[in-house]
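As a starting point, one isolated chain is supplied in structure tokens, in the form predicted alone.
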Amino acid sequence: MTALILDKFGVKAVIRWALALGAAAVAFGLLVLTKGANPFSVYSSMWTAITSSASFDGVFLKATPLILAALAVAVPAKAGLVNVGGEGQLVVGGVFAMGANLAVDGRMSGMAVLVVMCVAGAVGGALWAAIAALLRLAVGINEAVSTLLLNYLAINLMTFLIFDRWKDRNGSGQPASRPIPVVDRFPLLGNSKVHAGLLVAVVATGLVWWLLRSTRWGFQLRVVGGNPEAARRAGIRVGGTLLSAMLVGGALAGLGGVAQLAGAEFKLRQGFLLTYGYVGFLASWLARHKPINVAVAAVVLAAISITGDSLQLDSSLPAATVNVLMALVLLAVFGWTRVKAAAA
């Protein structure tokens, strides 16, 4: 009886999550201990970095493209696809948005340009994701492999442009495009450094949640993801459904590229959105591809990631140490909770 009550109110699930996160925290503490750092001091400095007023804006600045990158993984996952190409789709979205800004230079301004950039970025991300989808449908190449390889091709494409045709001739000499004019950027929210791209991410999260939960298309995605053969026999066009899932995922990642370009960095440069796609991938798997949970996971991982500088300054640990913590959290939650849930 007690077990049934606990299951009904989700207490067991909460306990499993708490144990999983605790295990990840302990494992990370042991790791930093081997590097000569005090785990309690490390966690204290991380907490201070996250909760300080200066870092609050930074969390949501980083979370904005991460939410969209994570949704780009979650949508195809509902159809049984593994989209590892968020990184490339983010970059191509930024490239298309920058190209649109350069193309309309002087002929439009303000909100109109921003809308054009968002549309261009979404189209760019969708087209880049479509390459992997078509390879899967036409010749049977696994999308996890093709999307991963397309990441490097996207980065090389951007690198070529900023070293050559799009290089800012009036800049510092470093390979980068010219900055986007101030009037073409996302406006800031209130007195914060957070820009309106966050609202785009929030609206996208709500829209994806509704599409997956309440539309025929969302139902078809779930059926195809659960049993493609049964979906085919039920009259669902499996190929078209898979293609649409990748297109929507790519478009969301492309919007993430626009958000970072027009809201935070304002130009293309080497390292643009580096690792964002992979962190978004972790966020989606951590949240089991549920849109609302995915957005929350993206914010949590953004908060963890901005603590890298504090670890480097306060504990003499590499800034990349936070990536180990992210991986441990994913492994603990995804492994421990799944095993326990199956046992229950």
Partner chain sequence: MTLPIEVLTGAVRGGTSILYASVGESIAETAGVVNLGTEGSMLAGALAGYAITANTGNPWVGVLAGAVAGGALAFVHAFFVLHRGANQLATGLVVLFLGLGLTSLFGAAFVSRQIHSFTAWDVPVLSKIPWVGEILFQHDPLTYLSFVLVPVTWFVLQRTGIGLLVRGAGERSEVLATYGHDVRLVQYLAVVTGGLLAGIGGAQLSTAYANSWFENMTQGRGFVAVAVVIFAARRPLAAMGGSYLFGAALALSPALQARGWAINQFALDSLPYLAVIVVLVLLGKKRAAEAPEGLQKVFELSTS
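Positions refer to the first chain, counted from 1. The structure displayed is predicted, hence computed values, not measured ones.
The same protein also has a form predicted in complex with the partner chain, omitted here; what follows describes it.
Residue-level question: is Tyr43 within 4.5 Å of the partner chain in the model of the complex, judged on heavy atoms? No, Tyr43 sits far enough from the partner chain in the model of the complex that none of its heavy atoms falls within 4.5 Å.
Applying a 4.5 Å heavy atom distance criterion, does Trp285 contact the partner chain in the model of the complex? Flag for Trp285 set to yes.
Quick one: is Leu153 in contact with the partner chain in the model of the complex, heavy atoms, 4.5 Å cut-off? Leu153 belongs to the contact set for the partner chain.
Would Val324 count as touching the partner chain in the model of the complex under a 4.5 Å heavy atom rule? Because a heavy atom of Val324 falls inside 4.5 Å of the partner chain in the model of the complex, the answer is yes.
Residues Thr34, Gly80 and Tyr278 are flagged as a possible site; in the model of the complex, is every one of them within 4.5 Å of the partner chain by some non-hydrogen atom? Result yes, every residue of the spot touches the partner chain.
Which of these stretches, 128 to 136, 210 to 218, 91 to 99, 114 to 122, has heavy atoms within 4.5 Å of the partner chain in the model of the complex? After filtering at 4.5 Å, what remains is 128 to 136.
Only one of Ala264, Leu243, Leu148, Val200 has a non-hydrogen atom within 4.5 angstroms of the partner chain in the model of the complex; which is it? After the contact test, the surviving option is Leu148.
Gly140, Gly106, Gly235, Gly271 - the one with a heavy atom within 4.5 Å of the partner chain in the model of the complex: Selected option: Gly140.
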